[in-house]
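Taking the form predicted on its own, here's one chain by itself in structure tokens.
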């Protein structure tokens, strides 16, 4: 797909961050945009901003882990635009940090519920509709095909000791995207999974939308840890620039997009790590590489928190009362 004018787009997590960047870029190219988000206030603000830019936008509040709400939102958008999306952006995501051994069922249920099952819900709800509307008929695309994009993370390629639910969810999303990429080829529907690192977003504040029934966590989370994450994400990639990388991948029908010039080098490093896990010699080599990298990164990992009003605390620690967790890993 190379012409986005008049295309119908549906974007989860569209009220901020990567989702709003997608809405601005593709809406600016003439797409008719539906953004959905769990936060009504952020949604109202985003729709107003998009309309001020001349973008034809519809906002729908919903919880993407709630299948009834998701189906209702899909129906509403289809009724409004006259058809299902030709551009489906499954972008919404959440994260929380703490030692893997401190994780609760609720930590996994919340993060995987949004990051993995939120994507699954979107695929199961929309793919049949998109096939029926935009599939190949006698070898020809009935309405120029369609494309599905999923925002994952570089974290999909590695496990992280303080980010287990998130990394697990993103690894699963990547695998899911590759499966759908192969499955939907005969229908003329493309699939791209995009894997950025740090982007300018409010994902560090995602805990504020965590459902009450999933509130039990083994991690230490406070205003100070939220502020620390906020300062880190403030230095991330601009969401519109991220969307430009995704646009190139869609235009070239690529199943994987990594928005950095050294993408191949990044992947080679990650895949080499998996190979190093196979042998004792490999593990020793990996440990030495990680020590060297930690030294190099010391200065780069220093975060400027001067613009943050309020307390600042390190993130990624366990609650203080979890006595099976090493003391240095606890609050």
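Note that the structure is predicted; figures quoted are calculated from it, not measured. Residue numbers count along the first chain shown, from 1.
In what follows, reference is made to the form predicted together with a small molecule, a form of this protein that is not presented.
- Though the partner is left out of this view, residue 18 does reach within 4.5 Å of the small molecule in the predicted bound form, counting heavy atoms only.
- Interface residue remark: residue 45 is not counted as part of the site for the small molecule in the predicted bound form, having no heavy atom within 4.5 Å.
- Although the partner is absent from this view, residue 63 contacts the small molecule in the predicted bound form, with a non-hydrogen atom inside 4.5 angstroms.
- Contact annotation for residue 126: none of its heavy atoms lies within 4.5 Å of the small molecule in the predicted bound form.
- Taken together, the three residues 34, 73 and 86 lack any non-hydrogen atom within 4.5 angstroms of the small molecule in the predicted bound form.
- Stretch-level contact analysis of 127-135, 165-173, 249-257, 99-107 against the small molecule in the predicted bound form, using heavy atoms and a 4.5 Å limit, identifies 165-173.
- Only one of the listed residues (222, 216, 198, 179) places a non-hydrogen atom within 4.5 angstroms of the small molecule in the predicted bound form, and that residue is 198.
- Checking 226, 189, 77, 114 for any heavy atom within 4.5 Å of the small molecule in the predicted bound form turns up a single hit: 114.
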